[in-house]
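Before any questions on how it binds or moves, here is one chain, the form predicted alone, in structure tokens.
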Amino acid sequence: MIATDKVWPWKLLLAVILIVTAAGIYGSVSRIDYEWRWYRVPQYFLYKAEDVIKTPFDGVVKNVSVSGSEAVVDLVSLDGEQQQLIVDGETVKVDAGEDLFEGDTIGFVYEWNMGPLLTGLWTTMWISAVSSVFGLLIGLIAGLMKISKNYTVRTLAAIYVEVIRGTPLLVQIFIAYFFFGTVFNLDRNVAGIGALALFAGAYVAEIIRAGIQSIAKGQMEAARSLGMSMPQAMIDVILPQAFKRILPPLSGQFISLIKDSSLVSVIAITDLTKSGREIITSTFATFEIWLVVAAMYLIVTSILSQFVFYLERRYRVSD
């Protein structure tokens, strides 16, 4: 009861802050001379495509049968060839016994297709996923190189990390596409994924290095005393313990990578950001589309964050 009494004033303060913020946003929006067109947004998620069904030859309509929402049209060519076409029941434009010529319209077929926003989201997701996998591998290798006793190996890893972390991602994407992409004839998707993976790998390397060095040296010594080789001790003893500690910063880096992937739109990869920009160009619904795009990024990163919280809870229980 005492704990509840202490918490409710802060809950009330939070509610007041949120209400004031919402009122401020509403007041600001009301002052803008802008016509909101939210009703146009859903079609960019899913839309009903219309495919025209035409007769493939000169012939005669043998029979038209409508069953539910579909209509089956039986055609017979002048040579006796028979063909059956299926169209939407409400769009049939022929009758039994009617003569047809090649290219005449029989009817239409409607099917749901993904709009540009969902298509762009899918592109963002798979590019981010592939980049994250390669970034993790690169970061793991570079992180192990940074703690190596070999001066050359350690220095090469340090140079890679400093160069990548010291230059903007946008510049790296341009270099990857216009320089390396031209020299090695790389596809824009390959160049974009490569730039994102190298960028993420530099930050992951530092996270992994710090995680490994946070493990007590006695762990490695104990593993070696049991007869394990250095690689065996690192894989079986050190890395599993380090992974639990680096999970939060590692997940934060990959969440950031999802948002950073929006920069690949500058090399004409049609991700979520570029899809939004193309829609705005044709509709001028600037505020609606950018708000929706931002919300889609937020939903994706929030789901990933909740998954990471779940993993953290599982690891705490196992400890």
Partner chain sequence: MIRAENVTKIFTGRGVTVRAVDGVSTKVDKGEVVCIIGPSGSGKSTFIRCVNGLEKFTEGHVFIDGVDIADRKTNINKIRAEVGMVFQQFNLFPHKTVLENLTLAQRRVRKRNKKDAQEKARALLLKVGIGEKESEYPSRLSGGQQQRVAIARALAMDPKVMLFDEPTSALDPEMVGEVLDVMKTLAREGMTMMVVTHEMGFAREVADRVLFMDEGKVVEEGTPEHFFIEPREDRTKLFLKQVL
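Worth saying up front: this structure is predicted, and the values here are computed from it rather than measured. Numbering follows the first chain given and starts at 1.
There is another form of the same protein, the form predicted in complex with its partner chain; it is not shown, and what comes next is about it.
The listed set A223, V72, I141, V190 contains one residue whose heavy atoms approach its partner chain in the model of the complex to within 4.5 Å, identified as A223. Residue in contact with its partner chain in the model of the complex (any heavy atom within 4.5 Å), chosen from V153, L186, M228, A210: M228. Contact annotation for Q232: at least one heavy atom lies within 4.5 Å of its partner chain in the model of the complex. Contact between D236 and its partner chain in the model of the complex is found at the 4.5 Å heavy atom cutoff. Its partner chain is not shown here, and in the model of the complex it never comes within 4.5 Å of any heavy atom of G80. Among residues of the shown chain, P240 is one whose heavy atoms approach its partner chain to within 4.5 Å in the model of the complex.
Look at 195 to 203, 127 to 135, 212 to 220, 80 to 88: in the model of the complex, residues with non-hydrogen atoms within 4.5 angstroms of its partner chain sit in 212 to 220.
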